[in-house]
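In structure tokens, one chain follows: the form predicted alone.
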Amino acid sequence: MKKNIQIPLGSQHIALVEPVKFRFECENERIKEVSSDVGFVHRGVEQACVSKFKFDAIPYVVARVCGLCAITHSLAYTQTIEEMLEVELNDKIQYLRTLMIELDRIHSHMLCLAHVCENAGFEAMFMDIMAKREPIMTLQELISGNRIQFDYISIGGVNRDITPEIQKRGLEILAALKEEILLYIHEFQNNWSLSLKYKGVGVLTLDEAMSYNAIGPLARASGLATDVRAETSRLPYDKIGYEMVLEHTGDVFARNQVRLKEILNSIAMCENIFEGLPQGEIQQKVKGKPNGESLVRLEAPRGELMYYVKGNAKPMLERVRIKTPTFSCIPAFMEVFKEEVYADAPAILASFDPCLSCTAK
């Protein structure tokens, strides 16, 4: 006998302690329809950027949009201003910026994988991944001065140089982490709790990924070859060994594999930056005030991050608009849940790696 029930997941939930709510229409235990609500928090960051702060202070404001990808936010905004002011940066600045954005990707992906383990009931693996993530946070602190909320990017450059000692320590940390990630890949491909259990669960097909405009690891796990780093990046990805990671089954297993392999590629790129860091200044003089419009896309850990900025040659901007990866992926998220059993919903949700801190900007 069929029994229809409605089950909410969120707005805060043990599987996702963030302000988003999904409501499932279930027939017995199988999910038939999904609705979502992401409007529980509104921090007014965009309005603050055009009413409280001058344009050269905003890199430090938008870094507060998200604690996980602070560098990505401040860099995307900074690039819009530099484009309007026609600033050409030297290679050293571009390499240092790329280094920090890839370190952001490594620790963000590891946090997601840890949550996948936690939701799978593999508490020991959750704690192990979180512990192995700590050296990356230490490395970011050595470079930027902060463990999180890095005020590292400034208009015209970066705020701190790296020393030979930091380069040596960075290479040691990355080499050790690479060994750990290879072990994790083995576990995620062979352990029943993390691998076989999630094959065929939470599938987003390639056609669905295209229809719902999926981005980031969610899209690449479905075989959709989209990555801003390979499309329009202003950063030197073509010189440091970037490789697009694709899987094709579109399930929880594939999303885990994409993130693990992207960590390996980010480690390789960071090693190449440490070993081949160009000489040069870390700050270049910037004159004038932004006038006109600029739109910049960057590949954040969860996919495309877009900043639109409009200036009028005054210290205060006219408009700052931020389009975050999680917001763009909500339609695809909802589709993935359909026809799955409710018991798998927390694991599917964790594999999305949603960030409501970014979305509720």
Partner chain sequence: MFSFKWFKKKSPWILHYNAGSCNGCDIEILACLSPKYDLERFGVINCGNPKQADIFLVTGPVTYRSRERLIQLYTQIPEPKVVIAVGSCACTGGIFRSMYNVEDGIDRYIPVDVYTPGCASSPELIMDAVIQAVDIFEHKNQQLQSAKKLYRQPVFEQGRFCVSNVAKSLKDKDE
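Residue numbers count along the first chain shown, from 1. Everything numeric in this text was worked out from a predicted model, so none of it was measured.
There is another form of this protein, the form predicted together with the partner chain, and it is not shown here; the text below is about that form.
Proximity to the partner chain in the predicted bound form holds for all of Gln47, Phe126 and Asn146, with the criterion being a heavy atom within 4.5 Å. The stretch from 212 to 220, 228 to 236, 195 to 203, 105 to 113 that comes within 4.5 Å of the partner chain in the predicted bound form, counting heavy atoms only, is 105 to 113. Mapping the unseen interface onto this chain, Tyr60 counts among the residues with a heavy atom inside 4.5 Å of the partner chain in the predicted bound form. Although the partner is absent here, Val41 is a contact residue: one of its heavy atoms lies within 4.5 angstroms of the partner chain in the predicted bound form.
The partner chain in the predicted bound form comes within 4.5 Å of a heavy atom belonging to Ala131. Within this chain, Thr138 lines the site of the partner chain in the predicted bound form, having a heavy atom no more than 4.5 Å away. Among Lys52, Lys314, Lys32, Arg321, the residue placing a heavy atom within 4.5 Å of the partner chain in the predicted bound form is Lys52. If you take 170 to 201 and check each residue for a heavy atom within 4.5 Å of the partner chain in the predicted bound form, you get nothing at all.
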